[in-house]
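Take a look at this single chain, the form predicted on its own, given in structure tokens.
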């Protein structure tokens, strides 16, 4: 569950990005994240844990500085002991925006899960600090995190692998590089387990800016695929054998390009 808000505060944005975001010529998504986090007065902390490249944190610091941010930090958290570091927690607490890079989401969950750093991220977001994550950093926002699965269109009984995420939002399950890597089948498989979940498939260079009212706006050059199983009449998941294709009746699917909106609580899509 997300951390509870404190009276008088508004939860910060949660911004999952589908990966491959434009960083130089027109960094629309990153620039909007910066603007919401204070513009030139923003304090952006980068957590590059998912990546195994030594310079990932520094590269994103430079990108944010070129957008106009005066103060940036990168926390070199590469093992669980680093995520217990009190100095890193103090640095994180200075943030108006937190950014988690791409890479391997299981590195994120196994290194950050249950640590003071993860707890602080959740608490800060509840207190108004914005969170953005790209690729692996997007997948981990969910309570139920997709870690792998099959490609294609047709969902199957064993079509998705799930693990606990950070739980910044518990009503959606996020997948990334969605259209580029043909991941509809694994998102359908994920929501077929329980119609409580809404599937959100993010194309590259595309983000969902989820506000404190649990409504998101699409920003970027691609689209977001929303799979809403709330009115599903039948799922064969419970009877399916390993590898079987699934039958799913009365499933809603929305495709939202830039400017499209979706209210998660009302489960309703809008266009401007």
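Residue numbers count along the first chain shown, from 1. A quick note: this is a predicted structure, and the numbers were derived from the prediction, not measured.
Below: the form predicted together with another copy of the chain, not depicted.
Proximity to another copy of the chain in the model of the complex, defined as a heavy atom within 4.5 Å, holds among 42, 29, 223, 46 only for 223. A residue is said to contact a partner when one of its heavy atoms sits within 4.5 Å of a partner heavy atom; residue 264 fails this definition for another copy of the chain in the model of the complex, lying far away.
Taking the partner from elsewhere, residue 179 is found to have a heavy atom lying within 4.5 Å of another copy of the chain in the model of the complex.
Another copy of the chain in the model of the complex comes within 4.5 Å of a heavy atom belonging to residue 155.
Shown alone here, residue 250 lies within 4.5 Å of another copy of the chain in the model of the complex, counting heavy atoms only. Only one listed stretch (34 to 42, 238 to 246, 64 to 72, 209 to 217) carries heavy atoms within 4.5 Å of another copy of the chain in the model of the complex, and that stretch is 238 to 246. Shown without its partner, the chain has 249, 250, 251, 252, 253, 254, 255, 256, 257, 268, 269, 270, 271 in segment 249 to 272 as residues with a non-hydrogen atom within 4.5 angstroms of another copy of the chain in the model of the complex.
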